[in-house]
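Only one chain comes next, encoded as structure tokens, the form predicted on its own.
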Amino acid sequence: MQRGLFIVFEGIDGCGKTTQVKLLAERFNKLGQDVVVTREPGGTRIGGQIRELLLHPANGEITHRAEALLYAADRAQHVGEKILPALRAGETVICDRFTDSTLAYQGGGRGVDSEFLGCLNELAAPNVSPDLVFVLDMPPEVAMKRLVGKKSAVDRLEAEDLQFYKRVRETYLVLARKSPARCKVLNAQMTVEEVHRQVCNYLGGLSVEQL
């Protein structure tokens, strides 16, 4: 059986990834195609517990390397339990964050050594990489305003300062420039509908209005 398609959405917090994941999954379903929708961290039961540990505001003392290792543990469970079985079964997987998040957040944001993070990614997800990554790009100033307006409480990562998110954003753009065939950068300040339209165009040129 042919391996399934693996699509990932990336970007800084507040850029609209979750919305675009939902819209794309709905589109596939309308076309009669089943998809597996998941996220990192927290795509499995065990991953959910790791997510709570990572994002809880009270856990500010987590060191940068410990944080990277916890994300890798979540990914290893996620790949083994959900992503690989789905891909091997020929299913399409749409994931909210994957290995590029580690390089952007723990690498660009935290300053953790990129070679160390590359090894972690390979250990957690050996020979598993997305077929297509959509990087939803947005100035951190705009994204942070969105987060504040969306909910009353922010998690441990969302509480980081503007400079942190500027470094994360720049790292995403650098990663995209290095892998232009795999990474597609989209202006996340466009309307939700226009971003979705561009995602669909990259995936085959189908018009949203056809649905």
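The first residue of the sequence shown is number 1, and the count goes up from there. Please read these numbers as outputs of a predicted model, since none were measured by experiment.
Omitted from view is the form predicted together with ligand TMP, to which the following refers.
Comparing 137 to 145, 85 to 93, 71 to 79, 124 to 132 against ligand TMP in the predicted bound form, the single stretch with non-hydrogen atoms within 4.5 angstroms of it is 71 to 79.
The listed set Arg51, Arg27, Arg169, Lys184 contains one residue whose heavy atoms approach ligand TMP in the predicted bound form to within 4.5 Å, identified as Arg51. Think of it this way: in the predicted bound form, ligand TMP has a heavy atom of just one of Ile46, Leu55, Val174, Ile62 within 4.5 Å, and the residue is Leu55.
Among residues of the shown chain, His196 is not one whose heavy atoms approach ligand TMP to within 4.5 Å in the predicted bound form. Of the residues in 101 to 128, those that come within 4.5 Å of ligand TMP in the predicted bound form through at least one heavy atom are, in sequence order, Ser101, Thr102, Tyr105, Gln106.
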